[in-house]
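Below are two forms of the same protein chain, given as C-alpha cells: structure 1, then structure 2.
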Structure 1
Amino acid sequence: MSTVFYQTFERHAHGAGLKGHATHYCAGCGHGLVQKYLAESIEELGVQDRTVAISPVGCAVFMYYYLDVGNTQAAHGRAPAVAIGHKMANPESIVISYQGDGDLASIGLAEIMQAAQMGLPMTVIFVNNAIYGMTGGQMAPTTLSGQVTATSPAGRTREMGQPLKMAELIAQLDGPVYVERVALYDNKQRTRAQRAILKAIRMQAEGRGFAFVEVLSECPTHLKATPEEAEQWVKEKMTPIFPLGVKKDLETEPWFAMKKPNHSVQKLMEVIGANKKKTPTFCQAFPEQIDSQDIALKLAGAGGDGAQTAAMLITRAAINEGFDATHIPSYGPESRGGTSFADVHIASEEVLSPASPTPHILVAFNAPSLMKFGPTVQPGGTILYDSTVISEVPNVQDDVQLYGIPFTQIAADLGKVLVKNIVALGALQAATDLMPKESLLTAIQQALANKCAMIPLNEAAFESGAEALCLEMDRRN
C-alpha cells in the first residue's frame, strides 16, 4: 500500500468508517486515477520527502487531502508561477503543478507558457476534461466544437473559437523537453498515462528539464453520463480533436545544478541594501491627537507629482518609529500625467485594513484629486493642497481644516519642481504634528542614501513647506 497516499479522507466524518475511505470526486472522475499515478510515481522514485504539489483552483483543489507531500495552493491559474518560486528557492525539491483546463488554459495561459519556455526542471500535470467542472459546467478553452455547456447551451459555435490544444502549443516552445498527451478510458491508456507521469517526474528528478503531461479525463457529472459512457465519449469525441501520443521527447543530459539560495537574514539585508545601524527614533508616543489607534492618510495627484514617494516616506518614517504602517499605491495608465494616489495607514498596534476611503489627512497635488477625495476626509481632519494649481475647493465635512500651500511654486523657487512632494511633507508635519520633523527627515535621508548630493535640497524643501504652513496659520490668526 502506498505511503504517499493518506489512508483516510478526513474531510468526511473526520475520517471515520466508510466515509474515511471515500473521496470528494464524482464516480468516474479521472482525477482519482491521476493522483493515484502521481502517488505511485513519487513513491517509486523515492522523492516523497522533497516533493511539493501545487494545488490549483477547480476540482483538483483538494489534492492535499490525498497526497502526503508538501503542498501549496495557488490562486486561479497561478500554479506554474508558484512552482517556479518553489523550484528556485529549493532547487532540490520535486515540484508538481497540477491543473485543470479552466485553470491552466484560460486564466493561467500566460503563466504556463512562460514557465514552459523558462524550461526549469518541473512537472506539470494538465487534466483536460473539456469543461469547468467545479464551478458549474461552463465552457472551457478545451470544450469541443458543438459541445453543450452551461454557457454554450446550443453547443460551442465557431464564433466562440476552437478548442485549445495545449500539448501541441507547449511542445512548440524551446523550453520543454518532454510533452505527451494520454487518456484514461481503458486499461491500455491508463498504463500509458501511468508511465508518462512517472517519466515526467523522473526527468525532473534527474535535472533534465520541463515536462508536461496532458491527461484527457472524464467528467460524467457534466456530461450527464455514466462512467462507462463518459469513457466512450472521451475516446470517440475528444481523441480526434486531441490526438494522443508523445509531442516532444528530447534526449537531454542532466543540466540543472543550481545551488540553494542563501536565505539568511544577513544576506537579505545585504541584497536590499539595508542599513545595519539602528535607526534613531524621535516619537515620544503615538500621535493620538489625530486618532487614538489608527491614522489614515491619502496622497493624490497626477503621475509624476510624487504622491507615491511621499507616501512611502511617511510609511518608512512610521516603521522607523516602531509603529505598524502600510502603503497601498494606485496608479493611472500613464507614469506621467495619469492619476495616482496612495493610501497610508499608521497604527499603534496593527493596521487592520490598508485602504483609506475616509482619511484623516489628505494631501492633494491637483484639482481633480481635491475634488474627488476632499469630501471623503473625516470631520476634524486635515486637507493640504497645492494652491499653485488649485484655485477652487469643494465642500468638505464639518471642522475639516483646509490649507492651500503653493507646493509647486516653492519647489520651483528652490530650483527643482520635483521636490514639491517634500515641500508637502514639511507642510503636513507642521499642520498635523503627525511625527516629529526629525522622523520624516531621517526617512528622506535614508531614501537618498545613494544620492547624498540631493539631501540638502530635499531638507530645504521640507523646511520651506513647514515655514509656508506656519505663515498661513499666522495669516489666519
Structure 2
Amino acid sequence: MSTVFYQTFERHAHGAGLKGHATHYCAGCGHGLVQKYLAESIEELGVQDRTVAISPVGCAVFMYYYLDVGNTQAAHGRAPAVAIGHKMANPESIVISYQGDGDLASIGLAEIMQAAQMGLPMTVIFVNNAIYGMTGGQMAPTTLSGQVTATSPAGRTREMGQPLKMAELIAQLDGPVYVERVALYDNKQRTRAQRAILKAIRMQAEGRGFAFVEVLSECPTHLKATPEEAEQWVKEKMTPIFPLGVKKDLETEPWFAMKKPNHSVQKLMEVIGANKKKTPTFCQAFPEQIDSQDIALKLAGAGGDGAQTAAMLITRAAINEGFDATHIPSYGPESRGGTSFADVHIASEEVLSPASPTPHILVAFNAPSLMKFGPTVQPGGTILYDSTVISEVPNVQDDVQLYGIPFTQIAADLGKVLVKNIVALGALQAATDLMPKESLLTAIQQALANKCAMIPLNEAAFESGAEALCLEMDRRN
C-alpha cells in the first residue's frame, strides 16, 4: 500500500465505516487501479509534497478523497486549464490533471488541446472507458461504433460520429513530449500502465515537458458486464479501435525553468515608465480664448492617418501643463484604413463629458471626416483639414474658421508622409494658440524618448505646419 493514500478517507462522507478505507468506485472499475499507480509513482519519485492533483468531473471527481497531496477539484472539462494555473503559480509543483473521456474528449477539448500544445511540463492522465459513468451510461466521444448506451439505445450510428482517438490526436501536436496508450485488462498491460504513469510524472519532475497517458479502462456497471467480461471487452473491442502503445516519446533535455516573481519597487516603477523627472511648463493660463473651462477637440481621419497619436500628444501636453485632459479613441473594426477619430477634452479643473459631439476644434485628415464632423463644430470654432486630399468643404456654423493646409504634401516634402499628423499639430497650434508650441514639442519629445532619431523630423514637421498656417493667414489678410 502506498503512503500517498490518506490513512483514512476522511473526506469520503466523513470517512466513517467502510468508506474510511474503501474507494467509491464500482467493483472492477479501472479508476481505482489508475489512482493506485499514481500514488505509487508519486511515492517512488518522492514528490508527494509538491504534487497537486486536479480532480475532474465524472466518476473520478472524488480523487481528492484518496490522494494525500494538494488537491483541486475542477469544473467539467477544465482540469487542464486549472492545471496550467497551478503550474504557473508554482513551477516547482508537480501538477497532475486527471480526466475521463467525457471530461477531456468532449466538453474539455479546447482546454486539453491548449495545454498539450503549450507543452508545459505537466502530467495528464486520461481514463477512457468509452462511456459516461457518473451520469449513468450515456454515449461518450470515445464510445465505439455500434455500442449501446443510454443515449445511443440502438447503438452508436455513423451520424453520431466516430470514436475520438485522443492519444493519436495529442501525439500529432508539437507540444507534448510523451504520449502513450495503455490498458488494464491483464498483468502485462497493468505493468505497462504503471510504467507509463511513472514515466509521465518523471518527465514533468525533470522539467522535460507535457506527458499524456491514455488508459483504456473498464466500466463493468455501464457495460452491464462482470469485471472479467469488461476486461475482455476492452481487450477485444476497444484495442482494435484504440491501439495500445507509445505514440510519441521525444528525447528532450530538461528545459522548463521560471524565476520567482519580482516585487521590487524600483523594477516596477521602471517597467511602468514612471519617473520623477520634472516636466517644464510653458502655459501662463488656461486658453480661455477658446473656452473658459473645457475645450473639446475632435481629430478624425482614416485609420493610420495619425489622428490618435496627435490626440495623445495634445492630451499629454495639457496634462503636463497641469490641466485635466482626456482622450477617447474610436476605431472602425479594421486595423488600418477604416475610420478613426479621437475625442479630446482639456479642462481647467476636471473633464466631465469626455466625448466631443460638438467640438471647438476639428482636425480632419480625409474628406468623409470633414463632411461628417465639420457641421458639428461650435460657432466660433476652428477647422483644420488636409487640403492635399480634401477639395470640397461642407456648410459650417457661424464664425467657424476653416483652414485647408496640405498636411500630406508638406509631410511628403519632408520625406515621410507618416508625420502629417505632426504637421497638423503645428498648424493647430498656430491657428488656435491652444497651448504654447514648447508644450507640444515637449510632449513630442517625451513620446519619442525611445526613438530619439525621429525627433528632428517631427520638430521640422511641426514647424512646417505652423509656417503653412501662418502663410495661409497672411494670404487671407
Partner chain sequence: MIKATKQKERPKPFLFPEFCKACGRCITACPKNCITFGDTINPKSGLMPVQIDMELCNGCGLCLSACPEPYGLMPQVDNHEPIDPKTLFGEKNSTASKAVRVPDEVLPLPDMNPLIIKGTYASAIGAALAGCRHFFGYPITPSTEGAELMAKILPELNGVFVQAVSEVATVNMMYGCGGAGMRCMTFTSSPGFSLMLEGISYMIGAEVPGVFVNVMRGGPGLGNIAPEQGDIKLACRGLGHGNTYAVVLAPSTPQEMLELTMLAFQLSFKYRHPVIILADGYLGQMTGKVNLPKEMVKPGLPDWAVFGDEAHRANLICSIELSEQDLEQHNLHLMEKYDRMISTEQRADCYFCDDAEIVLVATNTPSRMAKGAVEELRRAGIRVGLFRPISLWPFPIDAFEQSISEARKIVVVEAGNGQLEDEIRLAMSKAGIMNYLPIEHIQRYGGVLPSKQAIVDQILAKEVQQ
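Residue positions are counted from 1 along structure 1's sequence. Rigid core here is just the name for the largest C-alpha set that superposes within 1.5 Å across the two forms. Since the model is a prediction, treat every value here as computed from it, not as a measurement.
Which of these two chains, shown alone, is the form predicted in complex with the partner chain? Only structure 2 fits here, because that chain is the form predicted in complex with the partner chain.
At the hinge of the rigid-body rearrangement between structures 1 and 2: which of H263, T309, R50, L109? Between the two rigid parts, the hinge is at H263.
When the larger rigid part is held fixed by a C-alpha fit, how many degrees does the smaller part turn between structures 1 and 2? It comes to 57 degrees of rotation for the smaller part.
Superpose on the rigid core and then read off how far the CA of E10 has moved between structures 1 and 2, in Å. Between its two positions, the C-alpha of E10 lies 3.4 Å apart after core fitting.
Core superposition result - C-alpha of A347, shift between structures 1 and 2, Å: On core superposition, this C-alpha lies 33.4 Å from its counterpart.
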